[in-house]
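There is one chain below, alone, in structure tokens, taken in the form predicted on its own.
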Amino acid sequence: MSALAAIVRRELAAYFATPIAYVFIAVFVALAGVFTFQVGNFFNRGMADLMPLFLYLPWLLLVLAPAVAMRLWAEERARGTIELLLTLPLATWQAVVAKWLAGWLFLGIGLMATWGLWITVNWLGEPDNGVIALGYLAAWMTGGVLLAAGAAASALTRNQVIAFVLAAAICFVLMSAATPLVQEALGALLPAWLAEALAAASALSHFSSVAQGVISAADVLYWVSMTAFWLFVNVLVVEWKKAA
């Protein structure tokens, strides 16, 4: 357990080792503000809430999660330090979970940085803070699913740009599989049962229901099971690359 915690601390510190993390968070916060107040027509709606933010936040996560995940394994391979990591006294699944957990905490820090928007809407009116809290929870849990998928993509290559592209493609399918446009395209390319299965695995539908203040056991089960599935895929890829 101490080795796992050490990897989490190491990975989390690595994000802030350069100014890139701070710039990245600043850009994310700025975009969240633009989508909330400008694109979301906050002042024209006459309602003090963060629904405009939660309307666009899944699509911001579609960029944020792959960007956070791309370095998790690709950087280890590029630097040749993955062998050293895998010789530590912990199982492969523990290393995978530790790296994912560090990235998930970084995502949480990015989301926390937007809490100025929450303070602003409370200053301007009387929003339902319970709904806003559930929206942030949905964003963090959905980000965890996308991050796990992105980490699995990162384990496939040593090139971070390729890792980002692969992760973004997987996350796009996960996010948008239930939308009518994508369902029509998938229906033309895939068997009906597979298209329906992908629609059921869509992160957007679960995010949207919780962001509106309604959470169910199905949403929690989705987040837990999908995260576990992609972490399992990540373990398989790392083991496969280690044996190759």
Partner chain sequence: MEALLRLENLHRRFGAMRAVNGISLDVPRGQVLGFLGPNGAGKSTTMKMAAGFLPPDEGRVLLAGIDMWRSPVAAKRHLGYLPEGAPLHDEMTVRGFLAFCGRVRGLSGAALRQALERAAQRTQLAPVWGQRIGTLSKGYRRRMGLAQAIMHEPDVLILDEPTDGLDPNQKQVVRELIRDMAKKSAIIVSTHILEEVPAVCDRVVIIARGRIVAQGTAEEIAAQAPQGGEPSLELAFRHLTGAAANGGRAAA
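Positions refer to the first chain, counted from 1. Since this is a predicted model, take the numbers as computed values, not measurements.
Another form exists, predicted in complex with its partner chain; not displayed. Remarks below refer to it.
Interface membership of L84, defined by any non-hydrogen atom within 4.5 Å of its partner chain in the predicted bound form, is confirmed. Residue contact check for V235: none of its heavy atoms lie within 4.5 Å of its partner chain in the predicted bound form.
Taking non-hydrogen atoms only, A14 approaches its partner chain to within 4.5 angstroms in the predicted bound form. Mapping the unseen interface onto this chain, I162 falls outside it, with no heavy atom inside 4.5 Å of its partner chain in the predicted bound form. For the marked spot (A48, M112 and P127), a heavy atom within 4.5 Å of its partner chain in the predicted bound form is absent from each of the three residues. With the partner omitted here, the residue from A91, I119, A169, A133 that has a non-hydrogen atom within 4.5 angstroms of its partner chain in the predicted bound form is A91. Note on the interface: of 170-178, 104-112, 74-82, 149-157, the segment with non-hydrogen atoms within 4.5 angstroms of its partner chain in the predicted bound form is 74-82.
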